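A single chain, nothing else alongside it, follows as C-alpha cells in the form predicted on its own.
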Amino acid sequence: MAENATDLFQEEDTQKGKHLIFALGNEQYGIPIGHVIEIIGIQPITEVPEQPEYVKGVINLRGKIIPVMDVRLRFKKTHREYDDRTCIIVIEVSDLCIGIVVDLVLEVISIDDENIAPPPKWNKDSYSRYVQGIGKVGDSVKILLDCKKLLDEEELLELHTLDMNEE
C-alpha cells in the first residue's frame, strides 16, 4: 500500500506547477494540468434545450456523453466561429468530465509558486471570480484559472443531469 501512495505522490509531484496554456483571442489562460483528461479537435456538438448560452450542448466521446461549455461565452466575450484551431479541452471537475471550448491550445508550461501573483481585485461581476492567480512567464503573463470555479454548485448539478454515463 505504501508503494502505491509513493507512486501517487510522485505523479502529483510531477504535475505540480504545470499548466496547460490556451488562448482566447489575444489573452492567454492556464489551467492546472491535473484537471486535464485530454485535448480534442472541435466536433459536432448536440444542443440541449434550456441551458445557459455558454453551455453549447454535449458530445459523444468514445461512448461517453460529455457536456461542453464555451469558455469565451462564459467570460462574456464575443462569439467566435469555430475553426480548425478551435479545441475542446476535456477536464474533470468535481467528479464530472466537462469539455471546454477554447480558441487555441498553446503549450504546457511550469510556473513556480513564486512566479504566481494573487488575482487583482476586479469587479465581482467580471470573469475575475474564475481567476486563481496571474502567472509571470518571462515578459508575459498568463491568467491562471480555478477549474472548480468555472461552474457553481447549481450549474454542476445541472450538468450532472446531462451526464448520461451514470448508472
Partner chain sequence: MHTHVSLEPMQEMFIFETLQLAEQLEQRILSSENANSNTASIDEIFRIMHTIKGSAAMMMFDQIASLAHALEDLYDMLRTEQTIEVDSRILTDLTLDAVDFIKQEIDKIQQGKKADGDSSPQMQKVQIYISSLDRNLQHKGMEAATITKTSQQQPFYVSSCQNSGTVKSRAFIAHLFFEDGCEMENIRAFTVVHNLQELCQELLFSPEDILENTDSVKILREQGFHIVFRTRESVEEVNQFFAQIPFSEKVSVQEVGEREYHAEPLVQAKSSQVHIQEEVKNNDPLLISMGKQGVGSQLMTVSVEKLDSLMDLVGELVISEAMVSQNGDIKGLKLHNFQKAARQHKKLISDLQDLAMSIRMVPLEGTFQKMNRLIRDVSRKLEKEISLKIIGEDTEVDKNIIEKISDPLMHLIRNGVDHGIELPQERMAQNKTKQGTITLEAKHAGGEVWIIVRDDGRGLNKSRIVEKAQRAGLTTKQEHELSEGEIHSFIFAPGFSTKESVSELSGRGVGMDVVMQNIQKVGGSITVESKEHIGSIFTIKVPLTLAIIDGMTVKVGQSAYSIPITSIRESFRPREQETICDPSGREMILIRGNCYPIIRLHELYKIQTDIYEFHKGILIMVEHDGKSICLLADALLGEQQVVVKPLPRYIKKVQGIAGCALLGDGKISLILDISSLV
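Residue numbers count along the first chain shown, from 1. Computed from a predicted model, the values in this text were never measured in an experiment.
Form predicted together with its partner chain: not shown, discussed below.
- Per the 4.5 Å heavy atom criterion, its partner chain in the predicted complex is contacted by stretch 40-48, the sole one of 23-31, 129-137, 111-119, 40-48.
- When contacts are judged by a 4.5 Å heavy atom cut-off, Leu96 counts as touching its partner chain in the predicted complex.
- Taking the partner from elsewhere, Val55 is found to have a heavy atom lying within 4.5 Å of its partner chain in the predicted complex.
- Shown alone here, Met69 lies within 4.5 Å of its partner chain in the predicted complex, counting heavy atoms only.
- Using a 4.5 Å cutoff between non-hydrogen atoms, Leu151 counts as a contact of its partner chain in the predicted complex.
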